Ligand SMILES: O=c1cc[nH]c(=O)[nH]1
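Heads up, the chain below is alone and in the form predicted alone; it's given as structure tokens.
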Amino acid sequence: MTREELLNTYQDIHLVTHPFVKHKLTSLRDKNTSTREFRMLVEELGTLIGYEATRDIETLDVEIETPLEKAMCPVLKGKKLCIVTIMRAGNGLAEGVLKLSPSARVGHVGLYRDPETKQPVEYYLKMPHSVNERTIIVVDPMLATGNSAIMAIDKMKEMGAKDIRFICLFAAPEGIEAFKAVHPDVAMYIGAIDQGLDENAYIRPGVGDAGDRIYGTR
């Protein structure tokens, strides 16, 4: 599907089109962007897109006392958020979302892509308690084939999670279709929907390997 077809087909795919987001995504794409700047941009984008992904989080009114009088004011309802990072590239994005809710719990799913099969392989999983009572925000800068995100969310559902959202910076149409075929109930918040995948399953034009660019590795 084209970008327009995807957006028309799935009502819960949210393409974040704020000018600041567009500008920062362009800076990420630039091959001359330094490791330091790339890392900072990913974190900033995590905050900006995380703001959109949490727009409808429930609140309730509680009584507080201001310097002038008592008042009923809104606070977040229920258990705090749980931000789940798909390691290792998701870590930088998670830091940005955490700025919105510093008290949020953080879960880690360690996956790497097998170079031959292009399928994800799990090597680590650590989650906080009460996953079923929390809003889960899974983060990964890139949604290429979609396989890693699908596996990570599979794990969340196996643990009882019900309210799950997914954030990425760049997505390929192939990855979005694969993701929605398995998890039609999970809302997606995306910075840019790119052209597609190359023969090595990298997003084009994309940014290259986001993990390598965040951490200065190869």
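No experiment lies behind these values; they were computed from the predicted model shown. We number the residues from 1 along the sequence you see.
Another form, the form predicted in complex with the named molecule, is not on view; read the next lines as being about it.
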property	result
Heavy atom within 4.5 Å of the named molecule in the predicted complex - residue from His129, Lys126, Arg113, Lys80	Arg113
Partner contact for Ala201 in the predicted complex: the named molecule, 4.5 angstroms, heavy atom	yes
Residue contact check: Asp12 to the named molecule in the predicted complex, 4.5 Å heavy atom	no
Contact test in the predicted complex: Ala144 vs the named molecule, heavy atoms, 4.5 Å	yes
